[in-house]
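First, one chain by itself in C-alpha cells, the form predicted alone.
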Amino acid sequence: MSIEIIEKDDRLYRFVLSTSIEMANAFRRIILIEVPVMAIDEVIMLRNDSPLYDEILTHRLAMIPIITDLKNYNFQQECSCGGAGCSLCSVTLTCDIKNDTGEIILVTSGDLISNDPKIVPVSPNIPIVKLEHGSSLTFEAFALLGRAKDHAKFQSVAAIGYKFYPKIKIDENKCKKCVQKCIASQYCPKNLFKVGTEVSSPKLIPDFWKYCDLCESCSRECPEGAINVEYDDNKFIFSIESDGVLPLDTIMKKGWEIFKEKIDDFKDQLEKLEIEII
C-alpha cells in the first residue's frame, strides 16, 4: 500500500492510493464513520421564544460542526467520571440572548459561548434561528466525542470518495487512417486531448489522469476505435473534503491508526480460532 499526494490545502486532500479495492473501500469507511469528532449531544433549554420547537432547535445545534481536540478529551463512556460529564470528556456551550433591538435578529453559531476557547463552532456564521423583538433564547449545550457510525453529526469529513486510476491508450496507426478532424478530442468533456499539426493524431495532456472520469466518450465516439479507455483496479484517486472540525493531516493519521488496530485485532481473532480440518 502506498500514497502519492496530488493536492493538499486546509479543506481538500487528494491523493493516489495503491492497494486492493477491498482495502481502499475499508479505508474510506473508516475515515467516514470511525474517526471521532465532537458534536453537541445534549441541550438544556431554559427559555425558547423562537418560532422553532425545542426538539428542532436541538437538532440544528447538533449539526453545527465543532472544532475538535482529540488529545485532551476522552470518550464519555471511557472517562474517569464514569460518563457523568466532566472537563475531560465534555464541553459546555451556552447561549443567552434577548432581542431588545426592535427588529428581527438572527442567532448564529457565533453566539455560542464555550467554556473551552479551543472547542468552538467551525464558523461563527452558521444560522440557528431568528428572534422577534422581545423574544429570548437561553440554553446550555454539551458537546462530546462520538463516531459517525453512531450518529451522522459525528462525521469527521464533509465528503470522501475515490475513483479508479484511468489508463488511456491511443493507437497511432489507427489514428493515421482517420481522414476527419479528431472526434475524440471534440467529445471529451474534460478536454484531455490536444491535437497538433497532424489533426488525426491526438495527444493526452500532462496529468490527464487527475481529471479523467472514465466516461469513455472518446473511445465511444472514435470511428476507428483508436482510443481504448481502461482503469487500474489496484490504484485509486481519493478526494477528502473537510468541514474544519479536524485538520486533514489529523484525520488521515487517525484513520490509519484505526485501520491498523482493526487489522491487528482481526489477526488476533484468527489466531484464537480453532479450525477443524475435514
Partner chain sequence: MIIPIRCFSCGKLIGDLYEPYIEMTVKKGIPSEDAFKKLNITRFCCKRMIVSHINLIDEILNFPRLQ
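All values derive from a computational prediction rather than experimental measurement. Residue numbers count along the first chain shown, from 1.
The form predicted together with the partner chain is left out here; the points below concern that form.
Of the candidate stretches 185-193, 111-119, 78-86, 125-133, only 125-133 has residues with heavy atoms within 4.5 Å of the partner chain in the predicted complex. For the chain shown alone, Leu52 is a contact residue for the partner chain in the predicted complex, at least one non-hydrogen atom being within 4.5 angstroms. Contact check for Ile64: a non-hydrogen atom falls within 4.5 Å of the partner chain in the predicted complex.
Within 4.5 Å of some heavy atom of the partner chain in the predicted complex lies at least one heavy atom of Asn48.
Interface residue remark: Gln155 is counted as part of the site for the partner chain in the predicted complex, having a heavy atom within 4.5 Å. In terms of contact with the partner chain in the predicted complex, the residue from Asp232, Asp69, Glu216, Asp243 that brings a heavy atom within 4.5 Å is Asp243. The contact residue chosen from Arg220, Lys253, Arg60, Arg29 relative to the partner chain in the predicted complex is Arg60, the criterion being a non-hydrogen atom within 4.5 angstroms. Along 1-17, a non-hydrogen atom within 4.5 Å of the partner chain in the predicted complex is carried by no residue at all.
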